[in-house]
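A single chain, nothing else alongside it, follows as structure tokens in the form predicted alone.
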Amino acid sequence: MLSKLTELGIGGIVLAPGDHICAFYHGAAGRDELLIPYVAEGLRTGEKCLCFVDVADREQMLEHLRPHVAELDTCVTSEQLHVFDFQHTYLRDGRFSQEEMFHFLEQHVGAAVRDEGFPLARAAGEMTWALETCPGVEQLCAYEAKINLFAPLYPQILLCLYDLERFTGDVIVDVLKTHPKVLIGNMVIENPFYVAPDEFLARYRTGG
């Protein structure tokens, strides 16, 4: 796997391939303060960028990104940048399936470095899809735990974005347990609350 550190795009932070981090924000403006520089940096350095956002915000996000990326339309048409909405990713067929989502990630994130020749893939997921009333969304944190097994398979950075105005404290506690690193302000810290996937999933299954 690629061992070179890569710039996050925020505060001079560097990350290692295989990093899975979470970040918290307030509202759409707060999300874009994290998402836009993160994606712009990936495009600038020739990485594959994949974003998962609410369908209502897809075009808005591209317009917010445009002043920061000189050849944005080329990035889209060349498929260096993909902006997906929930209905075509997490909530296909009106439900969430961990198995199908990991298959999707293999096809798009894994293939970016395995088949398309990108040195690194960086993905960013707005996680409010889990607040929808759909079967399977209750599996959010089990899915997040398993992402830690997927992350080291490819040179990739996986950033999960949580709106503190919409998620409950109980969910945020479990989110912290499933991310080895946390982005806070202009720092990424090793998360002292992180629980290894096997241990978290064992507790999760027993309700512990």
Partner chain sequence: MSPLSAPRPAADALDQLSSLHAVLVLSMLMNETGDEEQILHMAATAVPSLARCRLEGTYSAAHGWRDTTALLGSASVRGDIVRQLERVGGGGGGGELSLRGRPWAAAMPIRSRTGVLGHLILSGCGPVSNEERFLLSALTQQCGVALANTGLIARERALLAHAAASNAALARTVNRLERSMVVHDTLTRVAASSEGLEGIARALREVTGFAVAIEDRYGNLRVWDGPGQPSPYPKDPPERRERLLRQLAAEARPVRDRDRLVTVASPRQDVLAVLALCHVPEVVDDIVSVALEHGTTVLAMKLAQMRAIAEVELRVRRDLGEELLAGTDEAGALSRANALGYDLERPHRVVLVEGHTKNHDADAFLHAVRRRAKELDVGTLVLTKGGTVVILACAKPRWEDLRRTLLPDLGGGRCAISVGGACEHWREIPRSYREALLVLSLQRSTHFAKPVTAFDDLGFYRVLSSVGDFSELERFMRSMLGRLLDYDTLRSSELVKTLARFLDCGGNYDVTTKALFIGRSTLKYRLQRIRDLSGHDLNDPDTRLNLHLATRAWQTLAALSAADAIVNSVPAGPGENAEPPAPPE
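Positions refer to the first chain, counted from 1. Just so you know, these numbers come straight off a predicted model, no measurement behind them.
Note that the form predicted in complex with the partner chain isn't included here; everything after this is about it.
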Can all three of Gly11, Tyr38 and Glu126 be found with a heavy atom no more than 4.5 Å from the partner chain in the predicted complex? no
To verify the annotation, which of these, Ala142, Leu176, Leu153, Ala28, has a non-hydrogen atom within 4.5 Å of the partner chain in the predicted complex? Leu176
Quick one: does Thr168 come within 4.5 Å of the partner chain in the predicted complex, counting heavy atoms only? yes
Although the partner isn't part of this model, could you tell me whether Val195 comes within 4.5 Å of the partner chain in the predicted complex, counting any heavy atom of the residue? yes
is_contact(Ala70, the partner chain) in the predicted complex, heavy atom dist at most 4.5 Å: no
Would Leu149 sit within 4.5 Å of the partner chain in the predicted complex, counting heavy atoms only? no
With a 4.5 Å heavy atom cut-off to the partner chain in the predicted complex, the contacting stretch among 168 to 176, 30 to 38, 57 to 65, 44 to 52 is 168 to 176
